[in-house]
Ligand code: PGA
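Shown below, as structure tokens, is a lone chain in the form predicted on its own; questions about how it binds or moves come after it.
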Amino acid sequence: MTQKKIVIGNMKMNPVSVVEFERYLDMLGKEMKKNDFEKTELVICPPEVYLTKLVDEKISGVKSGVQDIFWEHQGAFTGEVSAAMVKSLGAGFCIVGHSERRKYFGENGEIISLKLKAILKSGLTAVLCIGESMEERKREQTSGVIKKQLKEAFDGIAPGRLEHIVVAYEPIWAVGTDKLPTSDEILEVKIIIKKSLAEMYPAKSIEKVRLLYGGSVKSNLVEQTCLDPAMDGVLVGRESLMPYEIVKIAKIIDGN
């Protein structure tokens, strides 16, 4: 069975009030009533404080996820939320390894691997973010950076778990900017990811890993960032704050 394409909205630390989020859900619901995706999954990852509202809204065609978890199951870890807690609320996805987590919270390969294992153990689907900085790209280190991030993250992950992992290529220099890699550059990284995974896993297992592009994704750029390089979907940042826009992105991908 062919896996569906996937569009994931990372709302980051937005919006700032419950009222705004309820308005967002209302608009998202109205947009989804106009659309019925056959080949594409739409996942929204709001701040965890809004997760229950998203799940309870039960918008047809919309799945829920979170932007981060802690790697322990439970215990004395003030301020943290476990994958098991997220799962119990009804979410199905969790982002891990985002460049902002690496930058602002010092998350390294070891931490990301721990989180990835916890996500999989709980029965959630992991959305693993990888990507290089502009300096690394200029130094022609993209391949080495991608391979290192994958090797660290997948350390100790069994082949049977791969179908529950989505890998999102998010070049750091494209996140939150209007700079974009070309279709060929995205395709090059796609090949690097495939080759890197092939060094660790059997070919049949690798086929189950969906590869996304993320970083300044907009509806008018879907062809360049997803369709031309034959990616399995996109991870959307700021544009996910506009229901019309993220549904439009999903619609374009679903129609191809």
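Residue indices: 1-based, along the sequence shown. Fair warning: this is a prediction, and the values are worked out from it, not measured in the lab.
There is also a form predicted in complex with ligand PGA; it is not shown, and the following applies to it.
Of the candidates L212, L42, V217, I69, V217 is the one whose heavy atoms come within 4.5 Å of ligand PGA in the model of the complex; the others do not. Remark: of stretches 170-178, 79-87, 135-143, 108-116, the one touching ligand PGA in the model of the complex is 170-178 (heavy atom within 4.5 Å). Although the partner is absent here, G237 is a contact residue: one of its heavy atoms lies within 4.5 angstroms of ligand PGA in the model of the complex.
Residue contact with ligand PGA in the model of the complex: K12 places a heavy atom within 4.5 Å of it. Residues are counted as partner-facing when one of their heavy atoms sits within 4.5 Å of ligand PGA in the model of the complex; in 74-99 only H98 qualifies.
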